[in-house]
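As structure tokens, one chain now follows by itself in the form predicted on its own.
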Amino acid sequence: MEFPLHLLVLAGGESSRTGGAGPKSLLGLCGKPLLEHVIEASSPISFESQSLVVGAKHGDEIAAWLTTSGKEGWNTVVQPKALGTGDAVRCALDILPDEGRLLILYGDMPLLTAETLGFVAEQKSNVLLTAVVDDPTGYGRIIRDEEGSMTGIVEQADTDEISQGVPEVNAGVYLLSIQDLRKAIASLTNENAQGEFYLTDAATAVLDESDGVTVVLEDGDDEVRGVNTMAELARASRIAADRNLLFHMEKGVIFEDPGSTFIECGVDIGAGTRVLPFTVIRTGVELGCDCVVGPFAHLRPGTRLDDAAEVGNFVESKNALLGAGAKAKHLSYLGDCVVGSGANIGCGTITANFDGKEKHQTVIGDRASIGSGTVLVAPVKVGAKARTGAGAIVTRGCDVPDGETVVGVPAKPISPSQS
């Protein structure tokens, strides 16, 4: 008989090792919270229910994030006191059915892949995911007998000289029968170095009594890496960014110096686009084919470049659309604007989008030419083939008609005698 599959994500820690930076599971990694990475990796799997264990300290913040980010269908359970992962699961069992299979994940493991979780979820037995790593410090060690069968898991705080050197570790991913898990959780004790109720003890008991299996990642250093400190967050972020770079390179994107380039998740880049050194591209940016970006460019959310557009040295953009072949090559800020195809944005141009209360849009027409040092005070429009002189200040509402040239402070049309 095929039992339905349920998902449980544990995010109930107090985040004590992150220096007061807020809920650990909501710390950003490559443009998305840690928890969102975990949720996305599990999203291709079909679940009967999805539950999240949160702690009393940060539970409201995490629950609010689920709502604001559109994560529908999630049940949240509060673990009143941080008594260990086994106790966290005990809290969640109150809202889970009596039967079925439960995939258990941790909310601070953002590098798990959908492929690995999908493989685990396909198994018909009770499953523990393990990994062979170069440095097992901090992980629970997998203890096996001479025949290779797992005999237990020793947490870091309980290791001795022999178990400390074991390279196979508990990856923190479990697929367990809910019925079997209930029995094992009921029998848990906290007689260990940390005085906590370990989920690993319950999982080991379930596997022993049901002839469960282990799925081993032979090269699992990156994928099973958890985040407990800000230093670990930085390392995980670099790994995720490198994955993003590889993904885009396989689709024909050219990175002149990948090591100095940072691409967040959720970025779309067309083939043939060149990204130059020290460029940062944030989540939600879309770049067409054959664009050039950088060096030292910062493309923020809402930026879109059509084919062959160029954004160069020390240009920052936000909610900006650059049409095909448009160029902004030097030292400019393009915020809340639409730049027409073939337009040229001179060095030092600023779209002054904020009036102190609200943001406003600037529209620059096709093949317009914006002179160096121009300030466009939004809301304002510069027409097709129009021009501004160097240092011009185009004030709000003083639109520049198609083909007209304006100069000065405030910018005014050139008179016939000046042309």
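Since we're looking at a predicted model, the values are computed, not measured. Residue numbers run from 1 along the displayed sequence.
The discussion below concerns the form predicted in complex with a small molecule, not included here.
Only one of 291-299, 93-101, 196-204, 265-273 places residue heavy atoms within 4.5 angstroms of the small molecule in the predicted bound form, namely 196-204. Interface membership of Y106, defined by any non-hydrogen atom within 4.5 Å of the small molecule in the predicted bound form, is confirmed. Within 4.5 Å of some heavy atom of the small molecule in the predicted bound form lies at least one heavy atom of I153. At the 4.5 Å threshold, heavy atoms of G226 reach the small molecule in the predicted bound form. In the predicted bound form, no heavy atom of V400 sits within 4.5 Å of the small molecule. With the partner removed from view, the residue among G323, G84, G346, G335 that has a non-hydrogen atom within 4.5 Å of the small molecule in the predicted bound form turns out to be G84. With the partner omitted from this view, the residue of G220, G212, G340, G140 that lies near the small molecule in the predicted bound form is G140 [heavy atom within 4.5 Å].
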